[in-house]
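Take a look at this single chain in structure tokens; it is the form predicted on its own.
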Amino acid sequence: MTNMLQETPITKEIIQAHGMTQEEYERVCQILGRTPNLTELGIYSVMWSEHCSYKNSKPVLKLFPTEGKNLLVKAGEENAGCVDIGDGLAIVFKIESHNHPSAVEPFQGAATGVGGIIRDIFTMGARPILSMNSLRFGSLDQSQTKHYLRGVVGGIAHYGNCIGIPTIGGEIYFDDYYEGNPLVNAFCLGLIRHDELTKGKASGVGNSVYYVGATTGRDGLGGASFASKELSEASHEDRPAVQVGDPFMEKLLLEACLELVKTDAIVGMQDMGAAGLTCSTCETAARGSVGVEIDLVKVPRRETGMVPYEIMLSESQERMLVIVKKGKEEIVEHLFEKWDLHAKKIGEVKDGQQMRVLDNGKVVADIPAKSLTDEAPLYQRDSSRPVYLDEAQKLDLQSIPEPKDHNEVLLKLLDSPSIASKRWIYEQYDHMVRTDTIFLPGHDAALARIKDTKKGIAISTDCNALYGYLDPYEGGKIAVAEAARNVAASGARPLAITNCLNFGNPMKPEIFWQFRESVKGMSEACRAFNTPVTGGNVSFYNESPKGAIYPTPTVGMVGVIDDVDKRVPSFFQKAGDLIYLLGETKEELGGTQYLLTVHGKRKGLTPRLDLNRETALVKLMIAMAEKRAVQSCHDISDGGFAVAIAECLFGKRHHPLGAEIKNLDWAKGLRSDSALFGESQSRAIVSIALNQKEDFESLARSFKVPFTQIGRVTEKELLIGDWIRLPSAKLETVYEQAIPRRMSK
């Protein structure tokens, strides 16, 4: 191609610097029928990176169930999942990682993670109504972890608070295995009417391609490639790969795009996420099976001297690509002018299927669009069971002494940052903006009402990564089950999940085995709950020089409650109510927070999950809410029964209730620590008023869920048989001060 810019000769060193193998480079040459120039090489390198192409993970992801009667968009078809909730309404939601940027620049890494996931929602025409997150850090006793935590929480708060979208819940864990490689998984959910759903595809030869939003700079350059390699001691030198966000600009862009959707001026819209202008251009072309031609001279930019390579790969924030109907350009330009935003025509939809990029009329890239997306390479990676599991799964309970002081153990667990109150974190978030938040952070699931209806949306993000480390398959099952349990505990019906699969280097057979087994377990659980996977994100290469993170397949479960007045809180409501234990407690101490926190052991088989028992419990929880048969419901998870009972007391800050647990028949034959701190699955604690007793027990029998009346709600003190007796105020103080105390040092 005589008029194509030949910027730099392509050498083996340049190919390697772009993260491409020699075989991949040769495949590019074969596709193009010639050698690529540097801009084209850069385009292929980002689009074929794991972050964009899922070239290592896609074959395994096919194991997920991705179809369901309520799904309006299939997984992978668009930027986010879309699920019908009735009455012409649908919810659009997704969770995605921003781990590597947050490790290098915590504040901006987390902030732009929030901004990116918000754009994934409104690019489909949905108004974002809530955000959540799932975070992992190293030990909170380390100064580096405190730096990460302050930066990440500050970035999430800054972006969410400024744009006016409430952050209404999430989860956070601390463990040595995340030192140097924190995880920042951002979730967003939006609301849309069926007829306003906007697709991210180009169509109609002659239609205009518009660039809208902020200007393009060099920030974020190569971010997709950066996210597809391990972190190292030199990763701080990759700061240019971390984007810089402007939430006020994104608020303008959000409102302009949602107003645009209500016109008849556009046929498609796509955000400029990972790989920026490159991904938005080739993805819209590929989805529509058309060609797209753009001229970079028309792209608004904020830095001088930018070359085509930089413009195409920049990941500057708050930008969108819009496909505009021919003759409707003036509508778009006037609308964005009103919002004080750029709206520049940079190209057109063309015949054929080429993505052609010009620079002031000269061709700088000419690539078949689908070769960048649908036809990216796929690999079947080797996998092998990690050798550490043989030793890690062994646990001799005879070597673990039962506690002499159970009070001391409970206080120690409540002081563990992974279990303790996360108030220090969520009080930095505006969780009441828009005034639709019903359950404040701290409940089993977040709950928000849908304005002008009785409906509510419940969401829970969950993953016990220690389980995933000890048994990836069982850990994957439990991540889905706990998320479903939390959503159902609020009274909502689980609908579907999105997931963020965080793992180490997939080129290592042991890591890939963890990944595959986790997906198998998650898939089995999703089928049991009839909650299809709507999409999500795979984040590989989460390794620091110290090694890989735990396998962390984070689940974002979304459910609907038809009448929010029937919601069920997680906390006891009043003294005198009866307390019941649902489910069975077994001798299961492997992988527990008790074993880790008190005995310093990451050992044993994780608790076993029986999906028949779990689905029965979830169905019972939904029925309990529908029939108003309970006062509260709280699942039993990290820390076991004693921690769950303590958490039930803390519904009113500074005025905790008490509980008297006298019936310990359910604990007969068990070690005291297994009874109190074991983490057997499919269990929950409920409180009921005296006049609900007959209805509640009848319901539990009908769903064949084991139940035991164990005590009653009291005031001021927690009493569990002869094992535990502690003032509720002391429990609450330890629980609330665990994180602030460490952060103040």
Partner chain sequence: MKACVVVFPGSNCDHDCWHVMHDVMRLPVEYVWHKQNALPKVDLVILPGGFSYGDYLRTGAIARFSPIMQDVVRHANSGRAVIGICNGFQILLESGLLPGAMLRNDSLRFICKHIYLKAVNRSSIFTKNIAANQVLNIPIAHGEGNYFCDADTLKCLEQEDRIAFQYVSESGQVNMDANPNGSAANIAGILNEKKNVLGMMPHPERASEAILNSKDGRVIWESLAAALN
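Given the structure is predicted, the values throughout are model-derived calculations rather than measurements. Residue numbers count along the first chain shown, from 1.
What comes next is about the form predicted together with the partner chain, which does not appear here.
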{"item": "Region of this chain that lies against the partner chain in the model of the complex, out of 569-577, 367-375, 421-429, 628-636 [heavy atom, 4.5 Å]", "value": "421-429"}
{"item": "Listed residue (Glu660, Asp295, Glu310, Asp246) with a non-hydrogen atom within 4.5 angstroms of the partner chain in the model of the complex", "value": "Asp246"}
{"item": "Selected contact from Trp339, Trp513, Tyr173, Phe650, since only one has a non-hydrogen atom within 4.5 angstroms of the partner chain in the model of the complex", "value": "Trp339"}
{"item": "Partner proximity in the model of the complex: Leu252 to the partner chain, non-hydrogen atom cutoff 4.5 Å", "value": "yes"}
{"item": "Close approach of Gly164 to the partner chain in the model of the complex, 4.5 Å, heavy atom", "value": "yes"}
{"item": "The partner chain contact in the model of the complex: Arg449, any heavy atom under 4.5 Å", "value": "yes"}
{"item": "Contact flag, Arg434 vs the partner chain in the model of the complex, heavy atom cut 4.5 Å", "value": "yes"}
